[in-house]
Structure formats: structure tokens, C-alpha cells
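Only one chain comes next, encoded as C-alpha cells, the form predicted alone.
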Amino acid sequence: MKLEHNPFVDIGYRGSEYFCDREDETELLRKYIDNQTNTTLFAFRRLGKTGLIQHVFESFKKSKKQVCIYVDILSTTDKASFINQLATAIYAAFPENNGIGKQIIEAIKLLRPTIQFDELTGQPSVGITTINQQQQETTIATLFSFLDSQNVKIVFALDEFQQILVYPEKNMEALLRTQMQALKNTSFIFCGSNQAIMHEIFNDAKRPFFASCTYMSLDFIPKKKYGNFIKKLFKKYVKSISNEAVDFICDWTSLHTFYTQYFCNQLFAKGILDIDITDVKLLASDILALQEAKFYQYRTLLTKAQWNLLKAIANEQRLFKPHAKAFIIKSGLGSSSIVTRTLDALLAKEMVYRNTQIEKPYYEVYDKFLMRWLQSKK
């Protein structure tokens, strides 16, 4: 019996067949990589930037025009952990059975690393011990410069790049910018999900990365394209879904990639052959019920003012004027100054985001399921 895979991928990347749209963004990012253009890629959390990078990298893997190295630095906390993530990604990117791979692995071994392999996945983990900051900076320079000298085009994607600002070492921006300028065959994609911090790093004239990259951002996938994608995948697995049900999914999840994919993943798992509006509304209720304990936990972690403002923003869905008198009175938020302080706190906690990439910026609750749950509690 053939194993049936759930085609709606809510974590990771499984291949182009399960990847929705992003045709223009894919073509643009490929062009930047081909031209060795350093790029800043911004997208709100869970909107699909990592999937886009892996989608583009996969296409280069087939053509062998580039060596693409993805490094997620979200879990790093300092320069030493950054080095280990970087070395691990480099080690994994080059097969040991080819000439360049052998040279690079030998070069890494000169740094006297500890190399371990995950028992389940077989993936390597490289640890390099550095005693002081000078050794750390030399190690980073060694890794980049040795790769760059191999006469092959390299592209690094450093995901969640804003994480470098939490490092106790405060010269990381300048160090990486200096390294980037010295490389001839290596380009970078700096990815991030915190809009304010990414803008600060790359658009502040006083900072090292100012005017160093071409800017690129991801928007929401258009409803028609996402709807067609959903219907196509259900049809491929001999399941049908009504247009009304698809419209509900797209609207209820606000076309935010993770939440749309998760919803469809759970819907597919139910095994319903003919899906209608009743089925998707029942699933929406089930999802909120399953996550209710987590949502109540959020309430204990926020102040009363923060919780009330979060509810008010959820009810507006998109809040354009948080300091408008009518909004403050309707929501019982007290005063404009209280709204300012409370909104700043919610932004810092990433409970709310501000979309400034459009003509009329607005605020919205980050977690779409939390937003719908708050709306249900009027």
C-alpha cells in the first residue's frame, strides 16, 4: 500500500511541488544570486522566507551553478555559537568525496573542532573552541576566506540575522561587514523577521551595513493563487473542497502562510473526501479549543493594559490609528500615552507587528489563531 503524505507542509521545505507561488520572488532572488548581489530579505515571522530560500537553493543545487549554504542563527547567543553554526553549515554543504569538499573539511579540521553526528538524522554538528575574541574573529575570517579562495561561487543565507544584536560582543556588525567586503566569490542573503531591527541594521547611515545590500521583502500570497494551490493539492489526492470552504480558510487565516498551511494540513489529515464550509468551520473551532490553554497562559504573562490592547487590536483586525480618540474610548484604554507604552511592549514581545511596507501602515496581532480566539471572546 502506498503511503499517503500530507501535502500541506507547515514546517520545513519538501520540494517545489508543495511550494505555493512566490514565482516573482523566486526569479528575483535567483537573479540577485546569479549577479552576486548581497541581499537583505525581510518577511514577517512564519510568512515563508525560509521556505523561499530553500526553494531557490534547491534549484541551484540541481544546476550546480552555486554552492548555497543556509545558516539559521536564531539559536545563537554569542560569537562562539555563531562560529559553531557557521562551521556546521559549511561542513554539511560540501560532500567529502569531491575535491573541494575534501579541502574544506581538512581546513575545518585544522581549527581542531569536535565533530558529532546525530544518531537519527546523521547530520553533523561542529564545535570549535576559541579562547578569546581575537581567536573568534580570526576563525570567522579563516572560514570565509578559505571558502572564497576555492574558485567557486558561494552564497550564504544568514537567517534571523537580527539575532547578532543580542550578542554580548558589540562589534559583530562591523566584523561581518569587513569580511563581506574582502570576499570576491561569496555573496550573502541576510534574512530577518523583526522589521524594526532589520531596518535599523541596514538603513541607519551610522551603522556598518548601511547601503551594503539590495532590499527585498515578502508580502502575503494573493488569495486567488493560494486558493488555486489549495484546491489543486486536494484534487491531486482525490479530495474535493468547495470554493466557499477555500474562501473561509484564506480569510480566517489572513493568508499568513504558516496558519494557512497548518489549517490545510489538519483538514487533509481528517480524511474527508468532499470538504464543505461546515467542515472547515468545525475545524476552526477545534483549532481554537486545542490552543485555548496556551492563549490563557499569554494572559497571565501580560499586564491588564497589554491584554486589553491586544484584544482591541484583534477586534479591529487591522488597526490603522491606535491613538485615535474614538478607538481609545471604545476600547477603554485610558489615554494616548498609555496606548503608546502598551503598544511598544506588545511590539517588543512580538505579540503584535506593524506593517510599514504599504501606503497606510497598520498594526495586527501576530498569531492569527490567537487573533480569532480573542475575537470569539467578545
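Values in this document were obtained by computation on a predicted structure and should not be read as measured data. Residue numbers run from 1 along the displayed sequence.
Omitted here: the form predicted together with a small molecule. The next part is about that form.
- Looking at 293-301, 264-272, 128-136, 250-258, the stretch with residues near the small molecule in the predicted bound form, meaning non-hydrogen atoms within 4.5 angstroms, turns out to be 250-258.
- Using a 4.5 Å heavy atom cutoff, none of 322, 330 and 333 lies near the small molecule in the predicted bound form.
- The partner is absent here; in the predicted bound form, the one residue of 351, 33, 343, 47 having a heavy atom within 4.5 Å of the small molecule is 47.
- Among the residues 279, 173, 148, 160, the one placing a heavy atom within 4.5 Å of the small molecule in the predicted bound form is 160.
- Under a 4.5 angstroms non-hydrogen atom cutoff, the small molecule in the predicted bound form has residue 193 among its neighbouring residues.
- Contact between residue 19 and the small molecule in the predicted bound form is found at the 4.5 Å heavy atom cutoff.
- Though the partner is left out of this view, residue 108 does not reach within 4.5 Å of the small molecule in the predicted bound form, counting heavy atoms only.
- The closest non-hydrogen atom of residue 370 lies beyond 4.5 Å of the small molecule in the predicted bound form.
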